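Consider the single chain below, provided in structure tokens and representing the form predicted on its own.
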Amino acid sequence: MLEAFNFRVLFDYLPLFLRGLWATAWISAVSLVGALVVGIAACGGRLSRFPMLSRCAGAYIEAIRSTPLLAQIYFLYFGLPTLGFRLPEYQTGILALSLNSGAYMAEIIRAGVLSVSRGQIEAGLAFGLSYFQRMRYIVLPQALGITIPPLLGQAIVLVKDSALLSLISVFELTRAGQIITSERFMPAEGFFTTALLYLGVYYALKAFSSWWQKRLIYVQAI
């Protein structure tokens, strides 16, 4: 198999793949921050005592989780312009990844919030803390600490899902593989290299997740 690979061409296109890897990294990082913000907001809405806010947050989470990410990307890229809203490709991709991953993170964070002892919340009430103060100082720090491993797992999913942005002409790692395929007609070389780089990113994030989980266990033991 390796005898048929043209490694010289791969070395020629190595700068292109590195640019694609960097683009995937920063797109994923920005989308991850956006997903955390959306997830925390949706979680707060889902747990709200106001029925309308809770229903709206629940409807958003269910709508996102029950539809494919590709359909969401196409709706934002092709559908929004027909409604009068046009965003550049990169902003559309980041928005799609943030909204999609944010819905899953909302449920992960909600599970962490519900795992916090009711006694600690009542202690906050006894000290006169408001709802937002209780969430900020008592609930969210513990909930995020508990949910770090599944949140990192969702971050890995987000990085892999960023490959779909190549379908709306966003330059990232998968797009680099498409370019070498179209220019040199070398799909094996192009997409094997793409998959290999994604594999490297996956194992790096997995190692970080394992290290962080062990660190959390050590801190809790102390």
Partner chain sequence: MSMWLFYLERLIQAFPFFLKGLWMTVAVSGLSLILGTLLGFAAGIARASRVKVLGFLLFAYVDFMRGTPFLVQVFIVFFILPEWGLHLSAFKAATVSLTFYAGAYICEIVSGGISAVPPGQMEAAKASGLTWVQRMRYVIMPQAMKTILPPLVGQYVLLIKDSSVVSVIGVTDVTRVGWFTVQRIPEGLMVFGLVGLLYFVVCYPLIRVSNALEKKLRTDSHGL
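Residue numbers count along the first chain shown, from 1. Nothing here was measured: the structure is a model prediction, and the numbers come from that model.
The form predicted in complex with the partner chain is left out here; the points below concern that form.
Of the heavy atoms in Thr67, some are within 4.5 Å of the partner chain in the predicted complex.
None of the heavy atoms of Tyr90 is located within 4.5 Å of the partner chain in the predicted complex.
The partner chain in the predicted complex comes within 4.5 Å of a heavy atom belonging to Tyr202. Within this chain, Phe191 lines the site of the partner chain in the predicted complex, having a heavy atom no more than 4.5 Å away. This chain is drawn without the partner chain; in the predicted complex, the residue among Val38, Ile27, Ala57, Leu164 with a heavy atom within 4.5 Å of it is Leu164.
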